[in-house]
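Shown below, as structure tokens, is a lone chain in the form predicted on its own; questions about how it binds or moves come after it.
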Amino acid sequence: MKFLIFTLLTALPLLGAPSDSLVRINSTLQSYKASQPWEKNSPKKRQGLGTLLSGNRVLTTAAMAADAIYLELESADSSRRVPARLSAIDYKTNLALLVPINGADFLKDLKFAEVSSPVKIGDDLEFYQLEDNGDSLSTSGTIRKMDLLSTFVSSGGYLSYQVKASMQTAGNSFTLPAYHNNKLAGVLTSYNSKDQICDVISADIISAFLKDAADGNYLGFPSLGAGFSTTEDEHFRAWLKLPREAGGIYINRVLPGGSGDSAGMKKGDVILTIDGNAINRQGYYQHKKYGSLYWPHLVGGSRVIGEEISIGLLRDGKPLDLKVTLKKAPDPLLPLHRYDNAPPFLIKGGLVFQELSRPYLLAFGKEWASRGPLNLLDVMANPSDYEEGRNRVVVLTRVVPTEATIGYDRISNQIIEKVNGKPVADLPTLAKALATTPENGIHEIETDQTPYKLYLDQGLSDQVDTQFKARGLPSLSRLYEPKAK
């Protein structure tokens, strides 16, 4: 995501409450390298604006705080600064809360902003920024559309506004608050200068995020835990025994342990209604206030964990009603991100093993979807084909030439199937297998591609590991990924 900084075409001093709640945010971010997870990338700095809310909390985007090694709040006139800590973060909705550390003096001239009630299409929003001298500026835009958008990590999307506003690039802000009637109504996350369209996280999602975070134990937004496809094809509909007048979406995957799975949902079911809202063939329903919206909003955008929803299904041509208690999405086979987490890895004798994730695939560049290894891309496209017996997909990502890896130095990106005849479920499973000396002293490692079997001498690989440590490699393994926030 590029830095988004805006200068108003017509700059006017801000009058009223919003100016008193604007806070500059300075963050230093440092992520781990995808191909060498024992090392970090160079730090980078990011600047943006936040909004002070009750409880001395500052609302900003997750993009401003993810992988942060230092967070700082700065007054509008840049005369005061105070370090901050992360209170809550949600990567999918792209929201975060910061709290100043010992910031009583910093907050003395600020006022808390209130969150607006939900707005509607046609309403005007005011976007705010701060000039270098501390003066506040505003520009207005009109909400043209409501949609479910992913603004940070890949997800099903959350309710956002698409706002028509004339803005130009300049200045110093990565993200901007938006107000309606002097109340916080959204957070701007991106701007398309060609079409003059702003994407803004909605007040609905902000309110739900703040409500969850209020007790200091942020749980996150719920998920049905199911994959789906549309039912537009008439032959497909006939096979599903769907009436001509019915809509419906086809459930092509049910994640083990998810909300749908726990309620008895099965692959092959067709969702016709959610809480009485009819779902059409493309997966949309009619919201009373916002118009046509994508169905996930009925689950993840307007409900909380622990709530119950009613789903009307068609199973084998027969109607069925399910009561579903909503949960957080189960851990996916292939993590979508590793923000604020140190990625697991294992080095043995020069063989480098990692757990496959979307960030690893993204490291192949802008054309990763076509340039990445086909076997690894297939895991992303068809995860259900790899789930049995696995918690994660373990990959031999590269081979360092050593005495123990002679002949294997050109091998990379192979999925590990078994070690010494036993399936590999994750990195801890692999580490345990490689730590146990086989009868003949040689490990047999089975992979998904040529040469299909690798042989690793236990004694020789132990010697190589000792050499690696002597040369200053900080660690040969990190087997458990800390729980994401």
Partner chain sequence: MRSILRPLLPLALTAAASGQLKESPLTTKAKPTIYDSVVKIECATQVPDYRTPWNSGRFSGGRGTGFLIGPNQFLTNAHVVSDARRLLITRRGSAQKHVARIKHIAHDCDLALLELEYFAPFEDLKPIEIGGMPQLESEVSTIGYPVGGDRLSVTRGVVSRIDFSSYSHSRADSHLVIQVDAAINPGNSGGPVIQDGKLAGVAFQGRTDADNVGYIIPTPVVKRFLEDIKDDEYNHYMDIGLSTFPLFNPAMRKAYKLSDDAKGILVANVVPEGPCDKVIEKGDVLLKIDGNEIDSAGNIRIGGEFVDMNEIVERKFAGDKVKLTILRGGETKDVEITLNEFPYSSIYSIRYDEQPRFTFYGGLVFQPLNFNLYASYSFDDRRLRQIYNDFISKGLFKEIEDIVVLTRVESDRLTTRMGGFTGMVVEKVNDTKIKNLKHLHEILNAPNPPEFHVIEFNGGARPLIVPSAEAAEAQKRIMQQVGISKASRLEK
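Numbering follows the first chain given and starts at 1. For clarity, a rigid core is taken as the largest C-alpha set superposing within 1.5 Å between two forms. Please read these numbers as outputs of a predicted model, since none were measured by experiment.
Keep in mind that the form predicted together with its partner chain is missing from the display, and what follows is about it.
Heavy atoms within 4.5 Å of its partner chain in the predicted complex are found in exactly one of 299-307, 103-111, 182-190, 379-387, that being 379-387. The putative spot formed by Glu232, Tyr250 and Tyr455 is fully lined by its partner chain in the predicted complex; each residue has a non-hydrogen atom within 4.5 angstroms of it. Among the residues Ala278, Ala342, Ile121, Ala369, the one placing a heavy atom within 4.5 Å of its partner chain in the predicted complex is Ala369. Ala404 is the sole member of Ala76, Ala404, Ile206, Ile271 with a non-hydrogen atom within 4.5 Å of its partner chain in the predicted complex. In the predicted complex, Ala214 stays away from its partner chain, with no heavy atom inside 4.5 Å.
For the chain shown alone, Pro451 is a contact residue for its partner chain in the predicted complex, at least one non-hydrogen atom being within 4.5 angstroms. Put simply, Val115 is far from its partner chain in the predicted complex: not one heavy atom of it is within 4.5 Å.
Proximity of Leu374 to its partner chain in the predicted complex: non-hydrogen atoms within 4.5 Å are present. Contacts between stretch 233-249 and its partner chain, counted in the predicted complex as any heavy atom lying within 4.5 Å, involve Asp233, His235, Phe236, Ala238, Trp239, listed in sequence order. With the core superposed, Arg410 shows a C-alpha displacement below 2 Å between the shown form and the other one.
A movement of the C-alpha atom of Leu334 falling short of 2 angstroms is seen between the shown form and the other one when the two forms are aligned on their rigid core. Core-superposed comparison between the shown form and the other one: the C-alpha position of Leu242 differs by no less than 2 Å.
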